[in-house]
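Just the one chain here, the form predicted on its own, laid out as structure tokens.
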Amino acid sequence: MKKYLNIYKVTLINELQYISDIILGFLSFVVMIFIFLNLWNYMYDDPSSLIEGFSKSQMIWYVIITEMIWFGTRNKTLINQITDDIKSGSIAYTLNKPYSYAIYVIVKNFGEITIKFLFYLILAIAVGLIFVGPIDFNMSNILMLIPVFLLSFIINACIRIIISMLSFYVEDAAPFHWLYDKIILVIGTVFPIELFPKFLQPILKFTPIYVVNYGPSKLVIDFSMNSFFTILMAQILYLIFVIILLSLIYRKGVKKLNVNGD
């Protein structure tokens, strides 16, 4: 455990040198929020009306939070480093290392996104207060939201690693990352699941959208203990599933790499 903590600390210190790059990304975030702000202003003719149980304020805050998760956790390490390690064959040497390659990548990813996410969190709160105003939020819920957001980040990282490890079997996993990006960005950040057709809602709850984007955002704008336990349990089950899948792909992939290397 100590070695992973050291990896996190070293990565975090290195990322402090690139704060200016993070700040440059703020413009895209603000532009996206401005576009969706105008969209929901148009759709809510009457500010006091509800759409599928969501007020105008809740809907805009939902978009702000999902966009915050999207921008604050994007990281090329989960894509480029793993792909490069697989193509070069260096991933096979990690079998002799005193740490898990997957955990190493996840910890390094957390070190790289910690500062970025905190910046986007502050920006999201500021943008929300300026454009929308405060939302009904109980500060005592923060302790319960922390594990939900952490699980969201871990699940997203595991899915990214799984996609990158498809490089064991295909020449380039980039198209799969592109598809995942578009699913999360287009479907997962614009509308809550409740706004989709009834027959699609149960299906969407089995996708990463529910545990990565929708769940954390829903709890911020409309917290309830029932929703909390439902979303937390879904995240735990999803995490177990992706860990098992990741382990299988990694083991078979390294075995395939070793055979081809011989």
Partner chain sequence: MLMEIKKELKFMLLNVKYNLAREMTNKITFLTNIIFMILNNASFIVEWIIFYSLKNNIGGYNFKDIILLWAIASGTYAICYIFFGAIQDLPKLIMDGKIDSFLVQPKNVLISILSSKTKVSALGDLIYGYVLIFIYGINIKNIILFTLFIITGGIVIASIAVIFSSLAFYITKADTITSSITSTMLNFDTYPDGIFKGIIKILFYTILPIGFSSYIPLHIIKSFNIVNFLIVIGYTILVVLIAFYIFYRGLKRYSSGNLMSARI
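These numbers were taken from a predicted model, which means no experiment stands behind them. Residue numbers count along the first chain shown, from 1.
What follows is about the form predicted together with its partner chain, which we do not show.
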| item | value |
| --- | --- |
| Interface stretch in the model of the complex with its partner chain - options 138 to 146, 164 to 172, 116 to 124, 98 to 106, non-hydrogen atom within 4.5 Å | 164 to 172 |
| Partner contact for Phe34 in the model of the complex: its partner chain, 4.5 angstroms, heavy atom | yes |
| Heavy atom of Trp178 within 4.5 Å of its partner chain in the model of the complex | yes |
| Ser49: touches its partner chain in the model of the complex, heavy atom cutoff 4.5 angstroms | no |
| Touches its partner chain in the model of the complex: Phe229 (any heavy atom, 4.5 Å) | no |
| Residue among Met233, Leu27, Met225, Ile203 with a heavy atom within 4.5 Å of its partner chain in the model of the complex | Leu27 |
| Non-hydrogen atom within 4.5 angstroms of its partner chain in the model of the complex for each of Met1, Tyr8 and Phe153 | no |
| Residues from 181 to 212 in contact with its partner chain (non-hydrogen atom within 4.5 Å) in the model of the complex | Lys182, Val186, Val190, Phe191, Leu195, Phe196, Pro197 |
